[in-house]
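Before any questions on how it binds or moves, here is one chain, the form predicted on its own, in C-alpha cells.
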Amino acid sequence: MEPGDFFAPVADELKTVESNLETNINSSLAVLQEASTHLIRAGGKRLRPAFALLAARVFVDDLKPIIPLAVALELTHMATLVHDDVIDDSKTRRGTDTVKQLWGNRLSINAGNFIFARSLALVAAYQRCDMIKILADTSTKICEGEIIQLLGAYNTRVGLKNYLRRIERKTALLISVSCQLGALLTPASSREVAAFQKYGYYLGMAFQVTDDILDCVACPEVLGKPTGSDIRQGIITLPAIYALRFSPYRQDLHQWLSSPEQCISRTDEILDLIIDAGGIDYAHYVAQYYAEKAKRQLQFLPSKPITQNLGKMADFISHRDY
C-alpha cells in the first residue's frame, strides 16, 4: 500500500489542509512570504495533520473543527525543519534547496519563528488551555531534543538510552500529540485519548528509527538528501550505536565517528562497516518492536475499518523504504 491509501478516509480534509497551509502564513513582507512558503511547495508526507484527522475520524464524521489544528501541527513541524536546516547546515531537503540555502541563516531563523507563531495563533483560537499547554510542553521538549543531539555530536560513547530520548523529542512526541489532540477535540473518552497518545508515540519512535535506517541505505534521489547525512554531521544513530559495540572493526569506527574530518572523508567506509556489523538489521528489529507496541494500543479504540487501517499504517511505517 502507498501512504495515500492509509490517508484515504481523510483525503478530502487533507486537501483542505494543503490549501490552508499557505494562506495561514501570509505576510505583507514579500521575502518572508516567499521563504515561509518555500517548504510547503516542496511537498511532504503531511503525517501530523493526517494523524490528527484520522484520530478524530474514529469518533466523528465532521472534521471541519479539526482542520485548523491539522494545519497548526504541520506548520509546527515545518518550523522545526527550517531551524534544523540552519543547525545542520543542510543544503537540500525533499529534493530541493532548503530555505537556509536560498535565503541564509538569519532569514531562515526568522521564517521558522514566523511559521511557529502562526501555528500557535491557530491553536489559540480553540480557547482550550489544555491544548495550548500540551503543544507548549511538546515544543519545549523538541528544543531539548535538539540540544541533546548537539551535545552528543561525534560522541561515540552515546548509548541507547540517550538515542531513544533524543528521537522521542525529535519525532515521536509531535506525532503523539497529533493523535492526542485530534482525539481530544471529539467525544472520545480519556482512555481512548490516552490510547491514541501512546499509539502516536510508539509509531513516532518506529518512524524515526526507520528514518535513521534510510539515512544509511536509501539512494539520495529517494531520500531527498545525500545518503549518510547523519554520519557527516556526527549524529550517532541506532545502526551506528549497534556497530560501535559489535563490529569487529569497532575501534576504527570509534576513531572515525569521533572525528569531523573522518566522518566526511570516510562516510562510505563507515556506512559499509555499520551494515556489515548488522546495525541495519538490528534497527529494523527495534522499529518493528515499536510498531507492534503502537498496534496494541488499538485494542482500546472502537473496532472500525479506520482503526484497522491504523494498524496497517504501523506495519508500513516500520518497513518503509522511503
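Numbering starts at 1 and follows the sequence shown. Small disclaimer: the values here were computed from a predicted structure and weren't measured.
Keep in mind the form predicted together with another copy of the chain is missing from the figure; the text below concerns it.
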* Work out which of the listed stretches, 201 to 209, 104 to 112, 240 to 248, 67 to 75, brings a heavy atom within 4.5 angstroms of another copy of the chain in the model of the complex. => 104 to 112
* To do: Find out whether any non-hydrogen atom of Thr140 is located within 4.5 angstroms of another copy of the chain in the model of the complex, and reply yes or no.
  => yes
* So, in the model of the complex, is Ser27 in contact with another copy of the chain at a 4.5 angstroms heavy atom limit? -> yes
* Might Val58 be said to contact another copy of the chain in the model of the complex, defining contact as any heavy atom within 4.5 Å? -> no
* Does Phe116 reach another copy of the chain in the model of the complex, with heavy atoms at most 4.5 Å apart? -> yes
* Asked: Between the options Ala121, Leu160, Ala218, Ala194, which residue brings a heavy atom to within 4.5 Å of another copy of the chain in the model of the complex?
  -> Ala121
* Three-residue site Leu164, Leu184 and Ile306 fully in contact with another copy of the chain in the model of the complex at 4.5 Å by heavy atom -> no
* Using a 4.5 Å cut-off on heavy atoms, what residues in 175 to 201 are near another copy of the chain in the model of the complex? -> none
